[in-house]
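Only one chain is given next, in structure tokens, and it is the form predicted alone.
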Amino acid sequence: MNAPSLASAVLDANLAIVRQGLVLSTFGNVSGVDRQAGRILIKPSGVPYDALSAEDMVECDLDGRATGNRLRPSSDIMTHAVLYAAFPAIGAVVHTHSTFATIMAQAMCPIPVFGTTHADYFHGTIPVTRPLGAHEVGDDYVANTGRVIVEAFEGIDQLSIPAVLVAGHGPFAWGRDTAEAVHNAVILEEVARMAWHALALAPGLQPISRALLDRHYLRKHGASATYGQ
């Protein structure tokens, strides 16, 4: 994707997370990557969403360094950069503080597959990272946030479970492009809301069977998917 169209896509995605009710104030950010051109575009830090334009999306290199915009990038840029480096299949990252996903992150509770809504979009438990140690918070904190996400995904396909809860912080989601990443962030919040209420009603609730999980996930995402046109 060339720079102007990527800038427009990143702007649209940032505005979409507001429309979807995933952010308050200036919380949250969306980025997109153009690996061929070696650039990341991300929301500027602290700028109200209703004041944003495509030209405001801050261009950074793949190491997260700003490369010539008048505005500073989101303070989370290094987390995004670490994820792009570790997850070569993704093209966009969304970070929000959406209510129920953040509740689960603050409680350090992964989200098991309690129902088929979850199974339609995430092929397993949405993991929660380990807490950062004091030295990790004090030194290179934002990049270390990305590193504990990568650590949590050891042995997990990042496209089959395209979201994570950062302990004590909040959710990150991603996708192959900005639209998919936003969609995954929206579904993550709904799945977290359902899980929170289900656990309130049934604290000992167990996940659905692997057979039911696979049936629902693979009908949408498998090689022989039957869902949709």
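Counting begins at 1, following the sequence as shown. Predicted, not measured: the structure shown is a model, and the values here were computed from it.
Separately, the form predicted in complex with a further copy of the same chain exists; it is not shown, and the next lines address it.
Just one listed stretch, out of 38-46, 172-180, 156-164, 59-67, contacts a further copy of the same chain in the predicted complex at the 4.5 Å heavy atom level, and that stretch is 38-46. Residue 53 falls outside the set of residues with a heavy atom inside 4.5 Å of a further copy of the same chain in the predicted complex. Using a 4.5 angstroms threshold between heavy atoms, residue 89 stays clear of a further copy of the same chain in the predicted complex. Remark: residue 114 counts among the residues lining a further copy of the same chain in the predicted complex, judged by a heavy atom distance of 4.5 Å or less. Residue contact check for residue 220: one or more of its heavy atoms lie within 4.5 Å of a further copy of the same chain in the predicted complex.
Shown here without its partner, the chain carries 83, 126 and 130, none of which come within 4.5 Å of a further copy of the same chain in the predicted complex through any heavy atom. Residues of 197-215 lying near a further copy of the same chain in the predicted complex, listed in sequence order, are 197, 198, 199, 200, 201, 202, 205, 208, 211, 212, 215, the criterion being any heavy atom within 4.5 Å.
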